[in-house]
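The form predicted on its own is given below as one chain in structure tokens.
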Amino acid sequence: MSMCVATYRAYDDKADFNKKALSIAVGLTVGSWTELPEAQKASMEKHLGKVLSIDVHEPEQAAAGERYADIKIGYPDINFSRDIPALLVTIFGKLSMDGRIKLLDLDVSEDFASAFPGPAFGLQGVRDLVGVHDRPLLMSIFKSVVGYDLAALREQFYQQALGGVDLIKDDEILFENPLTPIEKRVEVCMEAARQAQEVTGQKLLYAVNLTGPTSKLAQQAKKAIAAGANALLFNTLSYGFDVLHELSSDPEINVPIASHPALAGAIYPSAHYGMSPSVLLGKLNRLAGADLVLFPSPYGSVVMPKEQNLAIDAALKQPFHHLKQSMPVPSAGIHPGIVPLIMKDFGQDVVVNAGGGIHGHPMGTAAGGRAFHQAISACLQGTPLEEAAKQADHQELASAIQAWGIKK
């Protein structure tokens, strides 16, 4: 029988976790079992959830001194349509409100995964578009954006591009507005990209923020692409994974999509409730078709524990049915002095993403991008940043280190 398998962590001081697991398996599938006539049980068997394992941790075994159990339940695919909303409602809809219980992991069946093409470009496809295969990619962010007109945005874009970045993304709070409508914003920024490429020789992707009513998102995306957009930024959690899936599966939306984690903090941080980051920001994003996935880094201003970061990284890169890898983008509070930690933890297949770490550089925005490139090159060569900063042509890195230091 084809099944999707969910793993939960349930906390309870006194509960019989065997009964708890059985109540989940039955309650989220056939509703009741022992009360059913034997003849009806035979016909309902194929719909019944299966308790696959129960691993109980008593207080003396648990790090936090709480009693909990990791419970694995299999849900027959026959019970739900092949879409992410149906899957999530089945495995965690009602259950998410049933006391202290967290969705830790999710393994979908091959049959379920076959309904999802996944990332259209993925990690390697994004690298191909910018022509960079031998180092981490560098992304910068518009800061700030609210109230700016087209001329001001264009100049900010141009200065970022002069720093040699591979990607520039809108801030997630830049919505459709009269000052910088999406098609005009794309036109002036892509012209600035072409101008900067003549200086740097570096191609870049501009991830323009896709916003507006859900019913008009595809139309808005195609309008941006017609104007020259070569990537999109999408606030996935505010719209839903199924919307991301619809956008990424549309053959006319033929550019990479970067998934932003806005609202994720309402779902993953608690030990007792919500979903793990590896499911929420890792597997579901990849299944829905995100080519790049942003999430809070362990190093900067919005901190996620490193083990959770690495679990997201694994969910985006490890084999997952037929799906391409997604590119991880640890974000928030990144400056050049953090680059060694990013590359140590994530390797080369990562996007170094900076806002203030580029715009706040003492020598200006373009110098901020160059400082990051110098830090990345030093790490690839095995040179400590302190030593690299002493080189005559690395003044930008030296200035960045003086401003922000090196995080150990």
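Quick caveat: nothing in here was measured; it's all calculated off a predicted structure. The numbering used is simple: start at 1 and walk along the sequence shown.
Just so you know, the form predicted in complex with another copy of the chain exists too; it's not on screen, but the next bit is about it.
**Student:** Taking the partner as it appears in the predicted complex, which of 319-327, 224-232, 174-182, 120-128 has residues with heavy atoms within 4.5 Å of another copy of the chain?
**Tutor:** Stretch 174-182 is the one.
**Student:** Let me test this: is every residue among Asn254, Gly357 and Leu385 within 4.5 Å of another copy of the chain in the predicted complex, going by heavy atom positions?
**Tutor:** None of them does, since no heavy atom lies within 4.5 Å of the partner.
**Student:** If we define contact as a non-hydrogen atom of the residue within 4.5 angstroms of the partner, is His133 a contact of another copy of the chain in the predicted complex?
**Tutor:** Outside the cut-off, so no.
**Student:** Does the 4.5 Å heavy atom contact test between Gly201 and another copy of the chain in the predicted complex come out positive?
**Tutor:** No, Gly201 is distant from the partner.
**Student:** For Ala86, is any heavy atom within 4.5 Å of another copy of the chain in the predicted complex, or not?
**Tutor:** Yes, Ala86 sits close enough to another copy of the chain in the predicted complex that at least one of its heavy atoms falls within 4.5 Å.
**Student:** Mark Arg194 yes when one of its heavy atoms lies within 4.5 Å of a heavy atom of another copy of the chain in the predicted complex, and no otherwise.
**Tutor:** No - in the predicted complex, heavy atoms of Arg194 and another copy of the chain never come within 4.5 Å of each other.
**Student:** Of the residues Ala115, Val146, Leu150, Ala314, which one places a heavy atom within 4.5 Å of another copy of the chain in the predicted complex?
**Tutor:** By the 4.5 Å heavy-atom cutoff, the listed residue in contact is Val146.
**Student:** Pick from Leu341, Val30, Ile376, Val350: which residue has any heavy atom within 4.5 angstroms of another copy of the chain in the predicted complex?
**Tutor:** Contact check passes for Val30.
**Student:** From first to last in sequence, which residues of 208-244 have any non-hydrogen atom within 4.5 angstroms of another copy of the chain in the predicted complex?
**Tutor:** Residues within 4.5 Å: Gly212, Pro213, Thr214, Ser215, Asn235, Ser238, Tyr239, Gly240, Asp242, Val243.
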